[in-house]
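Only one chain is given next, in structure tokens, and it is the form predicted on its own.
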Amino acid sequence: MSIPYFPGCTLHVKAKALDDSTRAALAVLGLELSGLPEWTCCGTVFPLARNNYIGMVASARILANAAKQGDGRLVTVCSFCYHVLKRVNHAVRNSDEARTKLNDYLEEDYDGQLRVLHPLELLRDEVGFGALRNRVGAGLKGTRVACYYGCMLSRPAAEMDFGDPEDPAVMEKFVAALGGEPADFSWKTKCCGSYQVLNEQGLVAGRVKDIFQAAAAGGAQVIITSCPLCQYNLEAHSEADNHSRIPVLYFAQLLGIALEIPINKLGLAGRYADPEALLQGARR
């Protein structure tokens, strides 16, 4: 099954491991991701001003082009890409003004009926967590995992439709399907500091420390995320301040480990906190 896929800019450089592991893991499960032709940056952020339609143009163009693929779905894995594409799609679908102005500007006729999906939703709804559990067997049995959503996946609730904005559960169900144990993690939807890392290093370092302490308090052996910036902030500041040796992996890397995909396809080299013990435990 081939599904239109938007990788996004960061997944071609700093977060290539997220792209590689997502494609590899889903392919093993029978879901092929087919990159959109001639895609561009999504714009990275959703504009805060309600009438800033020019800030939605990049995403609207991507959505219109994806709709022409005829599948009715568009998959993207980066939390920022998922956030902005889904919110722009919601605006086009529900606002006559947004739809008209964006289509007039782009000379398109897109109505917002595309479904913007995260791979976790594909795993839940297309593969099924029950089938996934049968596929991985013992998998990561006994491994305690802190599921770090960050602030982009579930908010605002009405537009993202990703579960309870303060207590989403899809990652925890995913971990359970792999045989792992979701850790009690009170910081799972808190912001890591995001782009403040550019000018407020101390703020981000404090956030990262709190996140690691919360994960450690829940007995986590690994933290998973879907956000390249969260992964960068957590790992970079963990190394700088020696907060923790808890590995920070993309959820797709954890899936790849459970599916016994060769580690050279998962981008696991160069991690600050070595996941080797986790790998060995999953492959005993």
Partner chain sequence: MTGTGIEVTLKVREISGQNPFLCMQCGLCSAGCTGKGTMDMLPRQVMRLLQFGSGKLLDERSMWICTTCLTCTARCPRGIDVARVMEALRALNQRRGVSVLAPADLGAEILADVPQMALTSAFRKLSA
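Predicted model only: the values in this text are computed from it and were never measured. Numbering follows the first chain given and starts at 1.
Quick note: we don't show the form predicted in complex with its partner chain, though the next part is all about it.
At 4.5 Å between heavy atoms, is Thr44 in contact with its partner chain in the predicted complex? Contact check for Thr44: yes, within 4.5 Å of its partner chain in the predicted complex.
Even though the partner isn't displayed, in the predicted complex is Lys209 close enough to its partner chain, meaning a heavy atom within 4.5 Å? No.
May I ask you to state whether Pro247 is within 4.5 Å of its partner chain in the predicted complex, using heavy atom distances? Although its partner chain is absent here, Pro247 would stay clear of it in the predicted complex, with no heavy atoms inside 4.5 Å.
I'd like to know whether Tyr232 contacts its partner chain in the predicted complex, with contact meaning heavy atoms within 4.5 angstroms. Tyr232 belongs to the contact set for its partner chain.
Okay, which stretch from 168 to 176, 79 to 87, 99 to 107, 136 to 144 lines its partner chain in the predicted complex, with non-hydrogen atoms inside 4.5 Å? In short, 79 to 87.
If you check Arg73, Arg124, Arg155, Arg93 against its partner chain in the predicted complex, which one has a heavy atom within 4.5 Å? Of the listed residues, the single hit is Arg155.
Contact check in the predicted complex: Cys191, Gln196 and Gln201 versus its partner chain, with a cutoff of 4.5 Å between any heavy atoms. Do all three pass? Heavy-atom distance to its partner chain in the predicted complex: all three under 4.5 Å.
At 4.5 Å, heavy atom to heavy atom, what parts of 98 to 113 sit next to its partner chain in the predicted complex? List them in sequence order, or say none. Stretch hits: zero.
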